[in-house]
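First, one chain by itself in structure tokens, the form predicted alone.
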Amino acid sequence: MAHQTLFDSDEPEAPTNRPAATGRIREWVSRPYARAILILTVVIGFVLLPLAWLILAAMNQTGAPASPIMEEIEKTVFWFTIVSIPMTAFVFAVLVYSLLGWKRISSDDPPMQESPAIRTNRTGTIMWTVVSSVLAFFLVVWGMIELAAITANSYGTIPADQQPGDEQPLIVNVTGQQWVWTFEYPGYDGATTPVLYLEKDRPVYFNVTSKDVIHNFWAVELGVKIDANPGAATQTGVTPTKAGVFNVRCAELCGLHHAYMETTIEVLPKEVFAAAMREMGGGKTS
């Protein structure tokens, strides 16, 4: 039987001069363009950092947060912005350097040799996998915790007559139709208003429906946003913690005048709210 020679083998010869994974990373970082990208990443990251506070300032221009739910939403927006800044800064750094540093070759020297593929760099692959997994784990855990907090603050899974507190929550039937909102208060002789009146620090429970097409009830500064479906009722709740005038908008494209389907929320102290209900013809019945 003939002996199989090296040249008869189907297996490729293992490389004998490949540098260690850590060495390849050091070699890459030592390149001028890599250092420039890393420096740009740090600079752009610091430039983008104030965005976390600027976004909150923009969200608060109309009076938010006016409920615990909106406080949780703002906290989530703030920390997600902070976490996303390093990745965003790196992408922008590569973009900027690509436009300015690699726009032309200004010498007769040939370009640097191509770097080894990332897929063959065990250290790089492990780093990428670990960082991605940690980020994904953070987002999932944060999302689950915030979802539980928002659900607890909205009492969305608890019947209205079993919600916590010494005083029963305010029940409001919300009806959307092209292109107005109507609010009915069953506990106040069924009084109906085009403006949403709420009592400060009193839980409110919304029964939301529609008379025609799908709308979306969005109490902006309260952090409440839920579909209004024709022929069905959806429920959610909130506890207003700040007196003032806030906004209700439709957040579902519902026809020609969708953009004008808006009204206001007036969150009032207890005595003022009771007086407003009496003026609307709603003597308290429950």
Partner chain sequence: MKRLLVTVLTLVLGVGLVAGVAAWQIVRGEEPPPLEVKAAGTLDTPQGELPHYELEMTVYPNSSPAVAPPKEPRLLAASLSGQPFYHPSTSIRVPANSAVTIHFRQYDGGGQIYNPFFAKVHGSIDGTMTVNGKKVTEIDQASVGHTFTVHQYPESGQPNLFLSVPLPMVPSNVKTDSNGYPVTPQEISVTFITGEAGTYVWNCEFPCGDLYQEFGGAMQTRGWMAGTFEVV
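The model shown is predicted, which means the values in this text are computed figures rather than measured ones. Numbering follows the first chain given and starts at 1.
What comes next is about the form predicted together with the partner chain, which does not appear here.
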Quiz item: Using 4.5 Å between non-hydrogen atoms, is A259 touching the partner chain in the predicted complex?
Solution: yes
Practice problem: Verify the contact flag for D201: yes if a non-hydrogen atom of it lies within 4.5 Å of a non-hydrogen atom of the partner chain in the predicted complex, no if not. | Solution: no
Quiz prompt | Distance check, G244 to the partner chain in the predicted complex, heavy atom within 4.5 Å | solution = no
Quiz item: Taking the shortest heavy atom distance, is E71 within 4.5 Å of the partner chain in the predicted complex?
Solution: no
Quiz item: Does any residue in 205 to 237 get within 4.5 Å of the partner chain in the predicted complex, counting heavy atoms only, and if so which ones?
Solution: K211, D212, V213, P230
